[in-house]
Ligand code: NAD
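In structure tokens, the next block holds one chain alone, the form predicted on its own.
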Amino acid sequence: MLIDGKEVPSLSGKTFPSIDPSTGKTLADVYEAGVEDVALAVGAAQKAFESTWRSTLPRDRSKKLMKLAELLSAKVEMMSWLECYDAGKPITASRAWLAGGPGTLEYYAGCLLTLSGETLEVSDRTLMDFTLREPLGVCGLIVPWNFPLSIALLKMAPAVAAGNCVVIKPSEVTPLSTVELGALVAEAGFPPGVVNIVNGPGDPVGAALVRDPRVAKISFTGGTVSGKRIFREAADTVKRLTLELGGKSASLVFADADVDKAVNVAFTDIVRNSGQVCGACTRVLLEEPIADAFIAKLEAKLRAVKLGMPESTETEMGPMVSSDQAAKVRGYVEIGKAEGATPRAYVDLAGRADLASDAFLPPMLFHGATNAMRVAREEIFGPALTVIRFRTEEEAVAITNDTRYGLAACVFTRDAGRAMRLVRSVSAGTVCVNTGVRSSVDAPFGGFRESGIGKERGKEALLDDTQLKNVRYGL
């Protein structure tokens, strides 16, 4: 762990294994924090905030982030292999995703230099009124297992850029790349305590962060059930929250669409990270006239997907992150059957002696589904899409919005008027037209309803990590 600028074991000496899901073998033993370790990390962050970091000049904070970006650039290949084995990501995909990590740090290193308040023309001429953007203090950053280092950086960079100090809790399922980030933070010359990293499960490690009154904000990416629990517990200390939670996003494909483009997006949403992507459009809504042709093209691509061990550069789709996650998805196959849908798999794993783990799953479609089924309403988080047909634009919008989530949506149509109507009528935090859901560091991302609150990425994330102070100066 990283506490107060030092790489340290847990006080108890307790460890947990980090498992390679493609083989089931232990990659490393990782020190597991307890409540006392979390308290030390929060204390170190608070001390660094009050004594050093909050008063560090913006240009100097920017230089530290740029130095970390430089160090990370030299380690991207090593980090890519860590996540290949720790999370089961195909190495080519792991390299592609982590190539953007240094850019995240560089973006906020520049963005923080534009952070400012404003002068207000108020109705009282005896006052000069202006605002200040100030850091919150200590931020607890709880990171998921699907994109460990990328999301750790997306949370850490704006928080630190804004003048906060942080305690990062990576997922206990995929901790290794964030552990290595701690070594780079120390090498980059950040003052001790500005960035701290503690490993372990949500309870007690994440819970201790949420309950600590010294923590001003929690940023959490993960499941909606856990997010709701954090929401309730954070109320006791009235913490600021950014919650990026689950999704059941829809892709609406109309008869006038570029079908090949829409098929490619659906294919990617199944195969990319084995479907373990919160923004994936896991409900595919097809207008009747093109539904059969769309399905035929998608099925042909799924049958040809290269599913295999993640270290092979030929592999397009690797294992799930764990055997437990794979078992959860298999459970939804049975749920879909019981509801009357027809689940169909497109890669035969029988006899694949090269796949030594039960974490591997084939890509799947649920045919004959309705939006009332659990497989259309609950986040499966695996390589499975639910196919639903529609007849009219109004029906497509009604199906899309009939969900407790609201993270993202895709619209495929050549009709510009229809596209803009749907942009307005679809209730989701990100709506993409004629392209798949792709987030970038320079644009805000976050959902509506039970998909969360607040925004990650973009300048909005930096602003969410500040508090606005109003100053009224008597003349």
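Computed from a predicted structure; not experimentally measured. Numbers for residues come from their place in the sequence shown, where the first is 1.
If you look for the form predicted together with the ligand, you will not find it shown, but the lines that follow are about it.
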Any idea which of 240-248, 113-121, 295-303, 359-367 reaches within 4.5 Å of the ligand in the model of the complex, heavy atoms considered? 240-248
Just one of 175, 101, 222, 135 has a heavy atom within 4.5 angstroms of the ligand in the model of the complex, so which one? 222
Let me know the one among 142, 197, 376, 281 whose heavy atoms come within 4.5 Å of the ligand in the model of the complex, would you? 142
Spell out, yes or no, whether the shortest heavy atom distance between residue 201 and the ligand in the model of the complex is within 4.5 Å. yes
Considering only heavy atoms, tell me if residue 151 and the ligand come within 4.5 Å of each other in the model of the complex. yes
So, in the model of the complex, is residue 45 in contact with the ligand at a 4.5 angstroms heavy atom limit? no
Is residue 207 close enough to touch the ligand in the model of the complex, meaning at least one heavy atom pair within 4.5 Å? yes
So which bits of 154-186 sit within 4.5 Å of the ligand in the model of the complex, heavy atoms only? 169, 170, 171, 172
